[in-house]
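To begin, one chain is listed below as structure tokens, in the form predicted on its own.
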């Protein structure tokens, strides 16, 4: 697919669940908060938080516990949860990078493409440093840069702007349906990471980066009739 492959000049990656498995640390921190408030919730319920902002996640959890909080209390507890999460991820190491990610990043770089990170997490840079991924990125958009939550495309549009590229020249890699919706709304070609039934709006869904090459991805996109 010469036309499409030549058009793509950059890749924009989400962080949690795409490059590093930090979901278990989020669950541990949120569950600790719930337990302090007198209830519990399951890993399956936690999956419903995928792609939500910190405050939106807290509000969902409070619904499960049938607990009311003022806005000031929500801000307090969301900060408490984040402090617990930051403590947990301080132990992250390069071995925590998901299988195939490093090799895929190197191939994208060797193909001459620019690479950006787009994450709503304010701890994104810490995760990148701990896992030694930071040097791969030409631009990093994190929770300090983003004002609008997904499915608003702001986070990806900022990343493309930082790379100096239009959305049509970028691939977005996302593991949450809200993130996929944001990428599509912004005019990007979106690669979903996970199970197709959870990512119905993605142009293509892959299980992960293990054994995936850049050329193979382009072939899959061609087969998916991405234009």
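Residue numbers count along the first chain shown, from 1. We call the rigid core whatever largest set of C-alpha positions still superposes within 1.5 Å between the two forms. A quick note: this is a predicted structure, and the numbers were derived from the prediction, not measured.
The discussion below concerns the form predicted in complex with a small molecule, not included here.
Next on the checklist: in the predicted complex, does each of 30, 52 and 121 have a heavy atom within 4.5 Å of the small molecule?
Outcome noted: The answer is yes: all three residues contact the partner (heavy atom, 4.5 Å cut-off).
Item to check | Of 145, 130, 82, 107, the one that lies within 4.5 Å of the small molecule in the predicted complex (heavy atoms) | outcome: Going through each option in turn, the one that passes is 82.
Item to check | Interface stretch in the predicted complex with the small molecule - options 90-98, 153-161, 113-121, 130-138, non-hydrogen atom within 4.5 Å | outcome: Flagged stretch: 113-121.
Next on the checklist: Check residue 181 for me: does it contact the small molecule in the predicted complex (non-hydrogen atoms, 4.5 angstroms)?
Outcome noted: Close contact is absent here: in the predicted complex, residue 181 is far from the small molecule, nothing within 4.5 Å, heavy atoms only.
Checklist entry - Hey, in the predicted complex, is residue 57 touching the small molecule, heavy atoms inside 4.5 Å? => result Within the cut-off, so yes.
Next on the checklist: Using the rigid core as the reference frame, would you say residue 181 shifts its C-alpha by 2 Å or more between this form and the one not shown?
Outcome noted: The answer is no, as the C-alpha of residue 181 shifts between this form and the one not shown by less than 2 Å after core alignment.
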